[in-house]
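This document starts with one chain, in the form predicted alone, laid out as structure tokens.
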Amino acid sequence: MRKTLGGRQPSEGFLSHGAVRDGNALVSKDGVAAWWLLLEHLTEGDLEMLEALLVDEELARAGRFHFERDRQIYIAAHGICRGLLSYHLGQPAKNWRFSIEDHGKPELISPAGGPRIRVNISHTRGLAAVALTSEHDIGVDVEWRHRDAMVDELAQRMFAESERRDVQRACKEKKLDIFLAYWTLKEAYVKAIGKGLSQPLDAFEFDLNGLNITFLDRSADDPDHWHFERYQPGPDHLMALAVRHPAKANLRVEAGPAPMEFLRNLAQA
């Protein structure tokens, strides 16, 4: 299932032509690529294939998870991240290295002489996602739709006033989805700017209809420089994407399921 919520309809574009072969990056500063992977769609051997894309440090961390489902989703998220980078830039999956920036945000160490490649990953129960662009801030967030959460209390404590009202007024059947719509958008924005928990979630608010952001302190950021999209990768999950861009009308966003055949071939290379 591939469904865009409150944004443009999915389209086939620059990613549909296949992985880079001529050394030229597929995604420019006006392009965004995003993949997601539902664990329920993995076939026999796929998890081991994704594990083969990871470096020793990631394998060691994966081995420290107490619960098998946490280990699997970590492997899936980091595997498709390395896969998307290789699809985009044409190097082996294990070549990619990351540094840790302020507030603990991982940043790709971009190839010398090339553009600054920005990448962000997210995972939740049963779903992993990665988003990639060149030069500009980018964030992605995914959430499971069946979590047990006291959404009214959380919204009251963490959301802006208009968002709190929206959640509180929602009927029981829609309340969690509305909460998660705001939550994923907020998390995607916070991950894009790299401030983590230091960024109060009630300092900005969203309009779900237009996917517009408003900053309560107008000097904090420029809302015209932010583009947001929402997706439903499957019946049990929601996803949001945030991209900072000075001319967002020029953006091309390609999002969809990770191409498993490409990843299998990459792991065997």
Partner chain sequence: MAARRASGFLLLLALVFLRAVTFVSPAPSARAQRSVAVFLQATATDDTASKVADVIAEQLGVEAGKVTREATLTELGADSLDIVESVMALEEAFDVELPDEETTSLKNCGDVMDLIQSKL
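Bear in mind the structure is a predicted one, so any value in this text is a computation, not a measurement. Residue numbers count along the first chain shown, from 1.
Same protein, other form: the form predicted together with its partner chain, not shown, and the subject of what follows.
When its partner chain is considered in the predicted complex, Phe65 lines it closely, a heavy atom lying within 4.5 Å. Heavy atoms of Arg147 reach within 4.5 Å of its partner chain in the predicted complex, making it an interface residue. Within this chain, Leu108 is remote from the site of its partner chain in the predicted complex, having no heavy atom within 4.5 Å. The closest non-hydrogen atom of Lys29 lies beyond 4.5 Å of its partner chain in the predicted complex.
If you check its partner chain in the predicted complex, you find no heavy atom from any of Ile73, Ala77 and Glu135 within 4.5 Å. Only one of the listed residues (Leu180, Leu85, Val167, Ile121) places a non-hydrogen atom within 4.5 angstroms of its partner chain in the predicted complex, and that residue is Leu180. Only one of 167-175, 126-134, 90-98, 149-157 lies within 4.5 Å of its partner chain in the predicted complex by heavy atoms, and it is 149-157.
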